[in-house]
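The form predicted alone is given below as one chain in structure tokens.
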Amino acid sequence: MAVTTVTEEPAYPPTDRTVPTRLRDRARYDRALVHALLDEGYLCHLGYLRDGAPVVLPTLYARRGERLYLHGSTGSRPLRGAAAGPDGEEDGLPVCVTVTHVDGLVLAKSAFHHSVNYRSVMVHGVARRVTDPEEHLAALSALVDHVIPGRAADCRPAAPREAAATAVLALDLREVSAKVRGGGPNEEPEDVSLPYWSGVVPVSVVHGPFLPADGPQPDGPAPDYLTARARP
């Protein structure tokens, strides 16, 4: 199985693509923060070029060390474009992957200063298709466990034909940045006394209550990992 390179560097080095042109004070390169934001989510947006035009696809992902695994179908065009080159070298697909958490709606006195509190991660790089059987199976389990930790061991593993129909992209975390906006509205001094409500409307993700599927269910309560996930 391919092994992700382990690094002790506390931050990702900024590059031309990871330094924002606006609001640079919101950019973050701290490795621990990036990992925490990636681990909190499970839906990303995968951007790439197809026939010279930009395409953005939502898909599931999982992080293992310094590598992202992205879920896909063997028939999808980005997966076909990320095939390995000769002698196992990475031919790959240039991509940009983003993950965003919305934490609040920011209402200001003026329409111009309305905003959103958010935490986001952007990853640039060349994605390759995972062809090593051991890494492929490990990535599929990681994708399941990333959405519901503990679930991979509590369901039927993918049958060979199912695994063959499920493709996985691997993207190393090398060119990475986070961006964070928090706090209340930024008001113009002359707007502070205007008679309009201003402030933050918090936004949060809540899991549950879970709904059992039709058909037989195991005796006893729902699994602990599921009840834990159902908490706000």
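These figures come from a predicted structure and were not determined experimentally. Counting begins at 1, following the sequence as shown.
This next part talks about the form predicted in complex with another copy of the chain, which is not shown.
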Would residue 29 sit within 4.5 Å of another copy of the chain in the model of the complex, counting heavy atoms only? no
Are any of the heavy atoms in residue 10 no more than 4.5 Å from a heavy atom of another copy of the chain in the model of the complex? no
So in the model of the complex, does any heavy atom of residue 137 sit within 4.5 Å of another copy of the chain? no
So, residue 223 and another copy of the chain: in the model of the complex, are they within 4.5 Å at any heavy atom pair? yes
Heavy atom within 4.5 Å of another copy of the chain in the model of the complex: which residues of 95 to 127 meet that condition, in order? 95, 96, 98, 100, 102, 105, 107, 108, 109, 110, 111, 112, 114, 116, 120, 122, 124
